[in-house]
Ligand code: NAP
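Just the one chain here, the form predicted on its own, laid out as structure tokens.
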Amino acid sequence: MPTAVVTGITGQDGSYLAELLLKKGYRVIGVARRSSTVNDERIRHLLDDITVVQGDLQDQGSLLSLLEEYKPTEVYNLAAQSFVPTSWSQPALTGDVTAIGVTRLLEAIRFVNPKIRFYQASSSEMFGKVMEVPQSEDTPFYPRSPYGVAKVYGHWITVNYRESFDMFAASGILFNHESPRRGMEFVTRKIANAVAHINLGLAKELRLGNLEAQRDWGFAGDYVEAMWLMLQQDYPDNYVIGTGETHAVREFCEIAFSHVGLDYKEFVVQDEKFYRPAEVDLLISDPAKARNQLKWEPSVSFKELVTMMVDSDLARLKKS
């Protein structure tokens, strides 16, 4: 039975990846930061089948200890301070966790067992002020937030360890991937949750920032399969993962509200306080390499993703 360590196990991606690995016969060791409140909502249904241990990308000793104890064959680094707006108010923390934390984990692997296969969760936010459209593995980075800058560091240190120490270190440059398990602070979940509240008469409006910002949105459940596939290859590499389609925040609103028979124009209010200090306007992937080499394809369409999220929040609210 292969063993996989997953940092950030309590997040959206961590929960979907854990489900996938369990189906494939892995022993799954999830790593979560110590906190005063338990945050296991997304993995509660898995707790009988996985092992959750305390660990922190800011603490080298905890990383060394867990690798020595559990002897994984694969490590998936999904942990990060991953909310872009927060990275402006907490830039040093974002850098320490999202950037330097990758180095700490790679160093732990190199010290304990450099044969461990490593996956780094890179991000389309690294492209920022895009140098070309669409964006591929060869597109230059121009990050527009402390989060994007930190992810660029994490990406390049992964490449550096691969080339310097002959480690199997792969990097997945994932474009926006959403699901009903997305955090409430992210715009897609914010929209879906607001639509459910408005439809049930529990709210009257939804305040958003830039409705014209465009993203390449896919389903998180599809994207974790790409992560796993990267670590099954003969050689480590970088891969862009996305749908190859772009949609505006406005279009997300339109589909979400119309799904319950409402017109978004009657409820959505643009509010300047939700604008980013430096906006990323157009992100769209060129996932040709992943499709050709990994044989990976997204299975959920944009419209299916939007309606899935709205239906999930409606069901949750009706139940409560």
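Just count from 1 along the sequence shown to find any residue number. Source: prediction; values computed, not measured.
One more form of this protein, predicted in complex with the ligand, exists but is not displayed; see below.
Student: V75, A108 and S164 - do all three of these have some heavy atom no more than 4.5 Å from the ligand in the model of the complex?
Tutor: Contact check failed for every one of V75, A108 and S164.
Student: Which one of these stretches, 197-205, 147-155, 130-138, 229-237, sits within 4.5 Å of the ligand in the model of the complex when only heavy atoms are counted?
Tutor: Going through the listed ranges, the match is 147-155.
Student: Heavy atom within 4.5 Å of the ligand in the model of the complex: which of A99, I116, A170, A79?
Tutor: Partner contact (heavy atom, 4.5 Å) among the options: A79.
Student: Which residue, T94, S122, T243, N193, has a heavy atom that falls within 4.5 Å of the ligand in the model of the complex?
Tutor: Of T94, S122, T243, N193, the residue with a heavy atom within 4.5 Å of the ligand in the model of the complex is S122.
Student: Please tell me whether any heavy atom belonging to P287 falls inside 4.5 Å of a heavy atom of the ligand, as the geometry stands in the model of the complex.
Tutor: Although the ligand is absent here, P287 would stay clear of it in the model of the complex, with no heavy atoms inside 4.5 Å.
Student: Would you check, heavy atoms only and a 4.5 Å threshold, whether N39 touches the ligand in the model of the complex?
Tutor: Yes - in the model of the complex, heavy atoms of N39 and the ligand come within 4.5 Å of each other.
Student: Is F219 close to the ligand in the model of the complex, meaning a heavy atom pair under 4.5 Å apart or at it?
Tutor: No, no contact at 4.5 Å.
Student: Are any of the heavy atoms in R33 no more than 4.5 Å from a heavy atom of the ligand in the model of the complex?
Tutor: Taking the distances in the model of the complex, the answer for R33 is yes, it comes within 4.5 Å of the ligand.
Student: Within 145-181, which residues come within 4.5 Å of the ligand in the model of the complex, counting heavy atoms only?
Tutor: Result: Y147, K151, L174, F175, N176, H177, E178.
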